[in-house]
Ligand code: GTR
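Just the one chain here, laid out as structure tokens, in the form predicted alone.
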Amino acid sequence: MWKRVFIILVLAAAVVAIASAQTTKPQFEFKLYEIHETSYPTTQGDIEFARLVNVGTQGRVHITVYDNGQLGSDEKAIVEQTQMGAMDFARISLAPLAQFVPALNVLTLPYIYRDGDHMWKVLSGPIGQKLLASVDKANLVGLCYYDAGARSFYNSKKEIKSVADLRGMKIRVQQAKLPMDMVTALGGSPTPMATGDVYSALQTHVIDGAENNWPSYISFSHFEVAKYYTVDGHTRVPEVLVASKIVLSKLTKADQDVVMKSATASVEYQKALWAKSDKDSEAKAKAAGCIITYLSPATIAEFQKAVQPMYAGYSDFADLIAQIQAVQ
């Protein structure tokens, strides 16, 4: 009898303890910036990261993901806010982040990777991790890379079957020097623009086209106003999850470790979601009647040759480029 009562009391105490832990007010409430909508793979990676941090810190640290560009659509401005501690965490494309850490540009050079597997071997290896840690120079903490597939050109005017077809076309690019140089090398007219402005610019013909991956092409509804998609895979620009160094320093060393480990643990989850979304988005584009052009290896080689002069502009990083290309 007493043994039974004792067990009941122990169980009751455990329930109370769990309920108490779940209702404990967090010591820190943080915001995480995201440009994409809720179902997008990077957003889901953010949400998984936030969940793991909450669990790992036993509720002491709570992170809310503000997706769909609720906090702004200019990623360069978001980086600056994160540097100052006005933004706690942000999921940013590597291209605008590279404006603050020039060495990161090397990871976004056109055709530097043989394929997606090669890119991930670089990012998860010593080269990628050293570059991720280098954002410390910009008063940021690099947490992890997320997959963003391969970027290709799309437009509202015609099929792009060769480099010559790009000549004179106004192409929206991210607000960074390297993508501008790439479009120029291919004969186009680069037009830097915040992500949130691209749809209307395509619709009103302020620009002729843009370049992005399959999921972005669908999630931003660009396929509605730019039906020609050319699969050239010119760049693989990974996403980066960063924290403000100012904000992270407020946490104990133990909770900082939880944040770092949670970010790492969210990567494979995000990559799996990306792979599925990539295929699904391509299928949606086909179902919507988009005109998709798949380039032959010979034509891809033409694109590669056209951008080769860009590499001369990164001669300071020649050794790093060679190391990346040598990764097997």
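Since the structure is predicted, the reported quantities are computational estimates derived from the model, not experimental observations. Quick note: we count residues from 1 along the sequence shown, nothing fancier.
Below: the form predicted in complex with the ligand, not depicted.
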| Candidate site 91, 174 and 195: all three near the ligand in the predicted bound form by heavy atom within 4.5 Å | yes
| request: Find out whether any non-hydrogen atom of residue 113 is located within 4.5 angstroms of the ligand in the predicted bound form, and reply yes or no. | output: no
| So in the predicted bound form, does any heavy atom of residue 220 sit within 4.5 Å of the ligand? | yes
| Is residue 75 close enough to touch the ligand in the predicted bound form, meaning at least one heavy atom pair within 4.5 Å? | yes
| field | Residue contact check: residue 152 to the ligand in the predicted bound form, 4.5 Å heavy atom | value | no
| task | Answer with one of 230, 235, 213, 105: the residue that has a non-hydrogen atom within 4.5 Å of the ligand in the predicted bound form. | result | 213
| message | Using a 4.5 Å heavy atom cut-off, which residue among 181, 165, 239, 208 comes into contact with the ligand in the predicted bound form? | response | 239
| query | For the chain seen here without its partner, which of 256-264, 297-305, 53-61, 29-37 has a heavy atom within 4.5 Å of the ligand in the predicted bound form? | reply | 29-37
